[in-house]
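Coming up, as structure tokens: structure 1 and structure 2, two forms of one and the same protein chain.
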Structure 1
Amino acid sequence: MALSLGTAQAEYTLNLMKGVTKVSNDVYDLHMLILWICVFIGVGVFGTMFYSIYYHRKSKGHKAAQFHENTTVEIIWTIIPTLILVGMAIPATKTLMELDDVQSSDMSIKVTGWQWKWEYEYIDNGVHFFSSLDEASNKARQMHSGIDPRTVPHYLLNVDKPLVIPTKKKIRFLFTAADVLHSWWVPDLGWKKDAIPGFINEAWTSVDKPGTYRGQCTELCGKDHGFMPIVVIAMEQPDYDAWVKKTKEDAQKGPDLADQSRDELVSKGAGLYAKNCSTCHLPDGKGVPGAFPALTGSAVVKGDIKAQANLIINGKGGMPAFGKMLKADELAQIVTYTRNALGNSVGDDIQPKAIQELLPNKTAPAAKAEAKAVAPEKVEPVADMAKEELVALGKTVYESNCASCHQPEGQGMAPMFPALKDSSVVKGDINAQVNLMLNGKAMMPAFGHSLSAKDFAAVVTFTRNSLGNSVNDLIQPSAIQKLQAALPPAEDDE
């Protein structure tokens, strides 16, 4: 067997790793404790058995004792295992409780699993990015790439943008997934957590030593499950602060909206396609029959360019929405690339400016409202209501639609769900609050289509005059009705 497997091979060890956090060390200690108890029992039981079988064998003239129902023996063999089990349960429970105790954390990071990358959102400071397999590994892993994986540093264990955390801080993680089950596992942290669509799982860590810690997705999540590693870099607070500042500055650099020549778009699109699209549609655009359509000769790619751009921005079925992941210039490059490469030669292009127009939050809701207001739908008018009436009705609407997140008393659940009590939104402009509730925002659902105009007006009025707020204004159902009529139609997949 070739033992010189080289740099690409991770270090193999016999035992669990101790990891770099207190919890991971406690998990290790617990594991060792239980292991030694098992070894002790195993040696004791099998030792006694083999000793008896050998030294008290029949050929030596020994005779088996024949007795039934010995109360003393039965009590002993009930009590001793019970004590052993209790003795093991106590340290195990302690460690489990420690693992689960996400309270009084210093910061929270939301982790979303995607096929096949990780999305990280720093809830406290707004840093947000996607982390996927690094380019060197990705190139080497392609069939017939001709690259020897052993020459790639941290082959399949490296990413383009690692998760950066400060040392000596208690960090709470919230896990969820956008498509299928994933699982986030960094052995050095001592635990792994499932990322499940529609659920939020919690975990926490606190790393003392700066360093780079690597892990992988450990839930079989589709064809590229093996290609979504995790890299966590722990930094001293000042370094971390500098990283946050730089990351934020980079993120604020908007897209480059300058026009580009078609050749420029295509050549830049090639790299972006390889990174973002080739896992599903394959590097040559031939796709995977039955799962991922071919882009070569695709009717969509050969069809209306705006329709294609919209599909890539908003996603469809198993096709992820890239509007949130890529900037307008990158999207323009990818779209133009698919139409003029991969065996296609449509001979057109789309400019970053045109893409910018198509991006969801770039078209202001007001503009949409205007467009629709030209031909308002005929709706039955609703009668005005007194403030007290609205507040009373609003209370029941609130209890069944909002309390699960914002809590019955409006105190919210930090840091995920803001308090409505003393909220600057609730105390601020009533139209801004209505807009937020009509259209939703991040994890706040859009209620524009799900509440009647009357219920909607009532719950808005309720939040402003109850839950400890006393703004002393109201909005009438008729006003909401006008706004609802101007909303874009509900999406079916919501």
Structure 2
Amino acid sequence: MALSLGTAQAEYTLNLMKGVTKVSNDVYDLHMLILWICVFIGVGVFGTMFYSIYYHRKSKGHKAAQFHENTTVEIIWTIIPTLILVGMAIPATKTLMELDDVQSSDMSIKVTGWQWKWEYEYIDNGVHFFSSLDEASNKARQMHSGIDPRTVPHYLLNVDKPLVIPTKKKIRFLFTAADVLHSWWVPDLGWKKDAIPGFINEAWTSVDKPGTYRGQCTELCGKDHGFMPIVVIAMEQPDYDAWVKKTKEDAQKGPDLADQSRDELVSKGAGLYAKNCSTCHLPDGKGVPGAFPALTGSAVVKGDIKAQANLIINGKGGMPAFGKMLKADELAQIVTYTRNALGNSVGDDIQPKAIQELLPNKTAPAAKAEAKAVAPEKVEPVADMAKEELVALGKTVYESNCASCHQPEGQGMAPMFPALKDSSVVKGDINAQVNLMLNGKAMMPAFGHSLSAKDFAAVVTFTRNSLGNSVNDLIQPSAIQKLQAALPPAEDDE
């Protein structure tokens, strides 16, 4: 029988899936063990009960025995359930301990939930990207789109950028959230973990065979909860290494800072708006009254273009900081689109170069690539700055690079990320702190290769004179510049 378009469709199964990892198979085996124990108990208890009811019924002349206590019966129905519970607890505890054993992992990936996308940061190699619902599903899900969802491959279970992992490696995941509660769930891996703002959850996996595995957010996280899927692709090590190399090369290209015509900015901005903004502000820009403001006729959109750009870059309230997610050229296209579409006709535009100047961390991949092309002897020394200037700049750099782990107030996330407030490192020798940040340690990347000398000096000075600390010292960009010049090249710089 054909289903109507309005009928909800799902894959019905009678049991858990086995999955593709050892952990998922162990969970399945535990489930089956407990299930059969329960079946055995149920058959025994209800079989005895129904036998007694039928063969000892009153119509056969049976009379209920009159007794109050029986020590033997009391001992039996205490010991047998205890033995059953112990027999269930041993394999259950073993499986739970296996699920939580993240030790001796080969690599770590930090997963951050956003409304409504996932952010992935490969701690060990520096790969970093956002993963959103794919364009085909996003178009089909819109009201009155006219697209039959059944014609879209993997409808609502596909993304623009999947998480790629190597096979036969133990991979540790660190879960947190930037706004509200999310939950990362890929059934084939055998577990799910909540992503909680201000808290770190851990899990691990190891996939033996290449394949594509799909999942979803399983925590009600807002109006578009159903539209933030997860796709994990497991690759053989050589294929994974090639993917990492290509991903880094693409990231090094950075934004296209060339000037674009207004029509070109608007045209490209339409697609970016549909992917990143229409969820809240709606495809026609009318917004959701009381929740998400309209962009049509908006005083912000029709006002100062740089003020609007800064709002989009840094976020406000429920709106995320898109400066962390999109490149300068993409931000310029969205800003220009909103001002010249959606019922607005301001008639102006902003170029990618102007957006790049507004970004909190200007050390973009393209800027780093350009710096590398300059011979060391041609690098101009940076000027010294007052402590107040360093602290002010450092606050911005800290929010962009450090706050997600050490938290905005420096309180950290025990036990994964130490607090900077009252930290012995921050309040100790400034050169020791600088060396730690230059070279990185454990999950902290080597910021000596990712921050400019000015930004690096600023964030060091900020941590020592803010976040509840008052060491009252500083380090100048010129000192950092000399230390950076002596650093060996990073792996992606070679």
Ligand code: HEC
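Here the rigid core means the biggest group of C-alpha atoms that line up within 1.5 Å when the two forms are laid on top of each other. All values reported here derive from a predicted model rather than from experimental measurement. Residues are numbered by position in structure 1's sequence, first residue being 1.
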Checklist outcome for this item: Mapping for form predicted together with heme C resolves to structure 1
Next on the checklist: Would Gly468 count as moving between structures 1 and 2, using a Cα shift of 2 angstroms or more after superposing the core as the test?
Outcome noted: yes
Item to check | Shift of Gly428 between structures 1 and 2 at or above 2 Å (CA, core fit) | outcome: yes
Checklist entry - For His31, is the C-alpha shift between structures 1 and 2 2 Å or more after core superposition? => result no
Item to check | Glu389: CA movement between structures 1 and 2 [superposed on rigid core, Å] | outcome: 27.0
